[in-house]
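A single chain comes next, written as structure tokens; it is the form predicted alone.
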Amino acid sequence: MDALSWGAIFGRMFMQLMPVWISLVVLFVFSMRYKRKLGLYGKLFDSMIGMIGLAIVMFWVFTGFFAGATDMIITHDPLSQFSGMKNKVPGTAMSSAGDGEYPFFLLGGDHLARDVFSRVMAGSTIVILIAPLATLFAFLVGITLGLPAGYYGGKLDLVLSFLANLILAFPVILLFYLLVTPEIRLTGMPQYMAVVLFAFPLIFAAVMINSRYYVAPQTRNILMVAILGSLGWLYVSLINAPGSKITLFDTIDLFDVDGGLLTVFVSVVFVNSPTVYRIVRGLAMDIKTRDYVAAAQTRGEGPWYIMLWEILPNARGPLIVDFCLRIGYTTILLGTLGFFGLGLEPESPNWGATINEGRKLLSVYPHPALPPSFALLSLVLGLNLLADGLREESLKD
């Protein structure tokens, strides 16, 4: 069987990604139809930059979903080695393809005879799983600590700001290297950090429910049991990683989290939280002087109600923009860690590791390193464009 031309390669990749294209079309049609009812998200469709950024980001989100949840877009097992496919160029036909097996390596083979196309698609799953969720956890930590620090000030602000500045005094990448080294993992520190950091969503949810429904105790208690019970179960499952020194909850563990994945996740949350804290603190210090905050104080509203239901909603614009940018920074950091073989397993098809493996033969075989590089570049570019679109539209409010 002859090798494919570049036109045939792109055509086959387009068809292989058909579920992603269909999902994008459905998303954009639905969003355009109801954009006036979708708040700030709907306003993105009045910005060309925002739409382009959203399309790029959602392309990788859908790609990661379909690559991780189904075998619809991956042509081969990203970890398997195939005889005779070492460093083969894009479009090379497999000489021993079995029944039902995809007959081509669309983007060629790497130095271990693995399919580059499948590894890039599978690598997107790792990025969209870690980067947004870790950034969300960092925001919950930063918001929970930053709001009271900015609202109350005084000694609380002094202590929390000192701790945040202490963490920020370390160069980010060196702090990452320190947290994900095998020696640190063996001490069990990532699990202990997870116990503390992953408790903040529970604290945030509890305070939010109590501040909103404190005048309706029955409703508050029902919501507390339902929401905190579900979050608590997820919390226990997250901190109870395989090989963890925390083994009290094995009987109710919902799922197992890979030790390397947990370490990277905790590291991202720990490193990003102080920066989010400083942003939230500054916004709280500014917004607490507004008239509507004074009106809420006059009505007798409690401090946490004012922080969560008066100050936080009015700080959403800058926070949403920073959230998108921070996912981009996290994506770059994940790629950097993977490039140096830190955190995730060495055979993991993450983009950083794939780039590092391919760059060793870049002058002879450029095809293994270029696709993951363009994937990383395009996702970060899309997040930056999305943040620009959100900033543009939020300023119009």
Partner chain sequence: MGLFILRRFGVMLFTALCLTFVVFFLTNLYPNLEKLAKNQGNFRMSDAEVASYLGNRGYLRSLPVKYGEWLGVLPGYVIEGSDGKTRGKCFGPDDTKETADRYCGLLQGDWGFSTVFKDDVLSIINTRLSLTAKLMFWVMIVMVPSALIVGVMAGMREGSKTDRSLSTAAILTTATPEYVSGVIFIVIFASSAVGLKWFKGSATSAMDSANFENFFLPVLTIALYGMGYIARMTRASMAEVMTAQYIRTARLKGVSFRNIVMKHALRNALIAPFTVIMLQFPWLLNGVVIVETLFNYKGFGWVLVQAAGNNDIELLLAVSVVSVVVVLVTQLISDIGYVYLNPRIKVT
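Fair warning: this is a prediction, and the values are worked out from it, not measured in the lab. Positions refer to the first chain, counted from 1.
There is another form of this protein, the form predicted together with the partner chain, and it is not shown here; the text below is about that form.
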| property | result |
| --- | --- |
| Touches the partner chain in the predicted bound form: G64 (any heavy atom, 4.5 Å) | no |
| Contact flag, P366 vs the partner chain in the predicted bound form, heavy atom cut 4.5 Å | yes |
| L166: touches the partner chain in the predicted bound form, heavy atom cutoff 4.5 angstroms | yes |
| Distance check, A199 to the partner chain in the predicted bound form, heavy atom within 4.5 Å | no |
| Site check Y34, D71 and L238: each within 4.5 Å of the partner chain in the predicted bound form by heavy atom | no |
| Candidate stretches 55-63, 37-45, 23-31, 368-376, one within 4.5 Å of the partner chain in the predicted bound form by heavy atom | 368-376 |
| Single option in G229, P103, G302, P171 placed near the partner chain in the predicted bound form, where near means a heavy atom within 4.5 Å | P171 |
| The partner chain in the predicted bound form - contacting residues of 371-392, heavy atom within 4.5 Å | S373, F374, L376, L377, V380, L381, N384, L385, D388, R391, E392 |
